[in-house]
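Heads up, the chain below is alone and in the form predicted on its own; it's given as structure tokens.
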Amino acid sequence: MEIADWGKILLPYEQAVDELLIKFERLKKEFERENKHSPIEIVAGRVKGVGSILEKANRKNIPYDRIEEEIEDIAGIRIICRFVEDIDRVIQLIRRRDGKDIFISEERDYINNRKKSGYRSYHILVRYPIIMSKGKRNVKAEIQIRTMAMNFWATIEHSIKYKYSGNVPDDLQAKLQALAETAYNMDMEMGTVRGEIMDAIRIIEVKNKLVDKIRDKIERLHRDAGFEQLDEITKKFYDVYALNDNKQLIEFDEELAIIASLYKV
């Protein structure tokens, strides 16, 4: 395999990552637009760099001409969830697409069956069909689903393994394992106050949407109707906002709606 060929080799993986990112981002927005809790908090994607691919091939004794056949995670999608319970919801969402636009090859549960290092995550290996200039191609990709705490730990552990070329000192490895359990226990505790957390999040989301609606009305009054009391209405908005009471914001928004109707904007 010529080093100059890598750009061409990685191109379909880049396309697969781009398309999968769009799919999951749109899925997240669908929940948000319906004012439902999205089990997807963050979506990220990457194509392994050539150095990472070669390192894995050497570590696993994979011949270079067999890399695309034997390395499953050249294309990777990572879905970060707020709660452990959300992970199962994401898994079910992906399973529903199996045989349609995503084809599941294998699932690996490293949450209930954590790795010896302490690593926890849920992996779904898929084949994703893309259309390129030369026709259709099924690209292998790995979807990792984990909580924020799991992701933080995994990121740190990956950096440490890289520093020590995989030979992490025993005392440091023991600390990492203990921290992995601490992170998992925190996830479990978060689940016990999930209702309170979701209520707080909903209050914030409602407040932000109200602010956007109010800002839009004020901007239209100023732009389309030449509303002269702009400074006065802006000051009143800031005063109401400082009360930190969504009911007051709703009442202010209703007052603005009446003014906007009078000015026919």
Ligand code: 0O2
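Residues carry their position along the shown sequence, with the first being 1. Everything quoted here is computed from the prediction, not taken from an experiment.
Omitted here: the form predicted together with the named molecule. The next part is about that form.
Novice: Check Y13, R26 and R127: does every one of them have a heavy atom within 4.5 Å of the named molecule in the model of the complex?
Specialist: No, none of the three is in contact.
Novice: Going by heavy atom distances of 4.5 angstroms or less, which of R223, R202, R59, R66 would be at the interface with the named molecule in the model of the complex?
Specialist: By the 4.5 Å heavy-atom cutoff, the listed residue in contact is R59.
Novice: Which of R89, K140, R194, K161 has a heavy atom within 4.5 Å of the named molecule in the model of the complex?
Specialist: Looking at R89, K140, R194, K161 one by one, just K161 meets the 4.5 Å heavy-atom criterion.
Novice: Which is the contacting stretch out of 166 to 174, 183 to 191, 119 to 127, 94 to 102, given heavy atoms within 4.5 Å of the named molecule in the model of the complex?
Specialist: This holds for exactly one stretch, 119 to 127.
Novice: Is there a non-hydrogen atom of F83 within 4.5 angstroms of a non-hydrogen atom of the named molecule in the model of the complex?
Specialist: Looking in the model of the complex, residue contacts with the named molecule do not include F83, since no heavy atom lies within 4.5 Å.
Novice: When the contact criterion is heavy atoms within 4.5 Å, does K48 count as touching the named molecule in the model of the complex?
Specialist: Yes.
Novice: Please determine whether A154 contacts the named molecule in the model of the complex, using a 4.5 Å cut-off between heavy atoms.
Specialist: Taking the distances in the model of the complex, the answer for A154 is yes, it comes within 4.5 Å of the named molecule.
Novice: In sequence order, which positions of 69 to 83 have a non-hydrogen atom within 4.5 Å of the named molecule in the model of the complex?
Specialist: D73, R78, in sequence order.
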